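Take a look at the structure tokens below, where one protein chain is shown in two forms, each on its own, as structure 1 and structure 2.
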Structure 1
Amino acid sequence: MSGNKPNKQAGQSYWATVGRQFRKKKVAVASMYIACFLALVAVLAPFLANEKPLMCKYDGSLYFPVFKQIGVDFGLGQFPKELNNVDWKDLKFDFAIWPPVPYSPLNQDAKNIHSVSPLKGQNVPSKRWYHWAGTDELGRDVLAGLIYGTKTAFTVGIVSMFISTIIGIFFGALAGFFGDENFKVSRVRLWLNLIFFFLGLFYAYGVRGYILSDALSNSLAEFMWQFVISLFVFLAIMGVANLLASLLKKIPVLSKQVSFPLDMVISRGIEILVCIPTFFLILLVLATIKKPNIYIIMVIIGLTSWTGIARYIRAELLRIRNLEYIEAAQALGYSGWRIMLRHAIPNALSPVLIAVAFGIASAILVESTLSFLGFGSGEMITWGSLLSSARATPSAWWLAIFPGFAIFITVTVFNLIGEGLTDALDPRLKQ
């Protein structure tokens, strides 16, 4: 793919060419717009569906309850006592501006329980309070659930793909760029790194295991903090290993260069990983965790779906590392790592884009399947959990159709974007 380098003849950069090719596909562009719209819905979910008014005047003073709630969730400020644990709909406001859907997803409308149809039989004061997509068994508004489900789906898709992209690029780049022969280190450095790797794991995560698990049972933030400390301990230990290696390299016996077959090790590892049925693996992990939640699901999906990206990157780098500009960089005396990070990987990222688009689609699908089966959603409303509630109420067609349609649209849109990118990046189509 010669287009990886700036395409001077057209006077355009590579990415501009790709963009132009992508824009030629009407369906892909339309999908892009739909995806952006859905992302907007996800971001603005609390303003689109909320039991609290966006703005109201109560008891003579002006409130912005939705904004306030966001502040309260972050631990900034408190609602005044008379507004704590109240049903906002029963309050007598001087005036109030309500969000488009005046219900929160977990808000139970006592007058409309037992799955009220969106077409008939709703017990609401006016059209303003109408449940446009009906309610579920507990009287929760389905449309609010759909809006918040968008948020969950996008979070899952993006976070898990972020994790898998990083892991995939890391392993794929190591395997592809260094291959079996080019990863040369002195004997002492190899051994010290291997030994200190286990020591690092021991001191950072073994000894600190209880500190980490205590932190996790307190709060996620504390856990992240402790985790970062552990990471620092680990990196420090690895640093010591490499410092020691630099010193010991002076001894001739230890300084002999050996090549570590990175490609072989990583490729074999990937081959083994792809043989594990992913869905069973995820179920397996969920079975061993006491209280699986949505974040754990994101991490698991991320940890199990990186092999495709790693393969793409590996294949790209196997090709790129033989190009002249890499040779030039080597001739300039740059280190292997620098060439890989600064010069090789940036040019190998285009196939990753395709993999990410398809990956988001499949991550959303896996998550909705899991929450359909009843895993992990817990207190959260997701499309999958809404769809599974249809199984309990065989007459509520709106519970079966709307959430499934939302999953279908999102998955289709990301698949179409992936298709469009594939065509746009395909060198055969380029003039």
Structure 2
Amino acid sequence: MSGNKPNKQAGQSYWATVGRQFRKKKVAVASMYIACFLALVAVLAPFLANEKPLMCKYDGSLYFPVFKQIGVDFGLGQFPKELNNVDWKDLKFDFAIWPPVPYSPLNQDAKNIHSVSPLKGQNVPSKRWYHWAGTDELGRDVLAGLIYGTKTAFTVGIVSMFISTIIGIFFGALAGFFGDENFKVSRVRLWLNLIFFFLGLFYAYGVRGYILSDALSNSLAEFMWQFVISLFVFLAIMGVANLLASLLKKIPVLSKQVSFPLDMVISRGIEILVCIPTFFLILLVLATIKKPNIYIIMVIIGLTSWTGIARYIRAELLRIRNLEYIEAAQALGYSGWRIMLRHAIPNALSPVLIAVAFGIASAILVESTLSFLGFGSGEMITWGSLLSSARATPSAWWLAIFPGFAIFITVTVFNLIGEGLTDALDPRLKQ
């Protein structure tokens, strides 16, 4: 009977096969579990380390201060007057449930300043208020900083790689699918789009540069709103260009179709960016910004790290565009844009996963380095800023060991995940 059993692997989909191959890499699977744990710590950071209780009863009323603070941060209401600007540790609660770490990363414990060791006696009322990873020079709890540093690291890694992935897929797909001969437009549309493209960038982002910079200094939400306005201005200008092109296309000389060498232009642009050291380019941009903060760092990392993804996508589409199903779609009369977006790109995303895994590790390392050098906001604790504080007090070993170990583990974990994906997506290893 055993010889008549159906082969379960034979009918597996591509991604099921990739998953099976990935699970064979025990180190990569263990790294995935560690990454998920760190991601959970990042998401739950306000509930793991906070000077406010998770739930409390005060003067006969029940409160959920941590949830309330999250709402206040998003502009949804305010704290009651009796709980506004208070020292939560000094309040006499009927009862209170505290987070595991009863400190926020920026809280200063005046009784434990000047870098108190986690191994020596601390001036705390009970073990409940003990600083398990010590304090820094200002009396801030290091463990709370590590927890919120995890949140910062994952936010920087994911957001910056999301930006770079979108840009990389877009330019890589254009270069790989259309090449130098297949992107054809009328003369008037080509020239008007080129001219209005630079005009759009100037009026949407150059003229409004100060507005965008001030908005980014205030909050991410305000920056996103101003960025959407700039994007609308850019699209409106490009819309005018294409409207004029449609009107002028009736002139025979201007309506002639010409090929635009997309692959050559994009490839040369990628080569130019690759020749510029990314880290020094980021430093140069940050030096020109009035108030650099973590949001600016995320955007800059995203805008400077898309070239690897673009190369992956370009190489895949150079192969895919000659396959039978692409030729069949072309024979059915589908437009090039539809074929590229609905058929070519979805089948070329496998290498992107590898690039994203390595890219997150690289982004976290870059952000930590920038924070270590003093770039970013002093209002946000990162692993790099914790590591930087160890320079002022070399004897405070915990300020170097704990954040350094966190950076090492996280970067190593994502690199191991990337290596596991590289092996799992290698068709030669599927068996």
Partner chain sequence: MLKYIFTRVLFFIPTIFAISLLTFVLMSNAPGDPVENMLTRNQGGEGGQSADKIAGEKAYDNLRKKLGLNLPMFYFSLSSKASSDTLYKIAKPDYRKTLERLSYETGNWPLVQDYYQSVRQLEFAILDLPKDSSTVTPLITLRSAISNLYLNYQDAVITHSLDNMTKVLHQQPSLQGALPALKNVTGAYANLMNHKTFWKNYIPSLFWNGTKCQYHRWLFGDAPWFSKSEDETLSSGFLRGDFGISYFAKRPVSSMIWESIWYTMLISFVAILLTYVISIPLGVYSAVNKDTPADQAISTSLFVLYSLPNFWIATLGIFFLCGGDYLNIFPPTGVADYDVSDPLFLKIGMQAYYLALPLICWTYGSFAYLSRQMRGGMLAVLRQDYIRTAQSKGLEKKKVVWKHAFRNSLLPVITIFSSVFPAMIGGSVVLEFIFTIPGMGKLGFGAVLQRDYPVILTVTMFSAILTLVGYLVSDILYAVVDPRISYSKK
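Rigid core here is just the name for the largest C-alpha set that superposes within 1.5 Å across the two forms. All values derive from a computational prediction rather than experimental measurement. Throughout, residue numbering runs from 1 along the sequence of structure 1.
For the form predicted in complex with its partner chain, the corresponding chain is the one labelled structure 1.
The Cα shift for Phe183 between structure 1 and structure 2, taken after rigid core superposition, is smaller than 2 angstroms. Core-aligned CA deviation for Arg338 between structure 1 and structure 2: less than 2 Å. Relative to the larger rigid part, the smaller part rotates 16 degrees between structure 1 and structure 2, based on C-alpha fits. Taking the core as the reference frame, the CA atom of Leu247 shifts 4.4 angstrom between structure 1 and structure 2.
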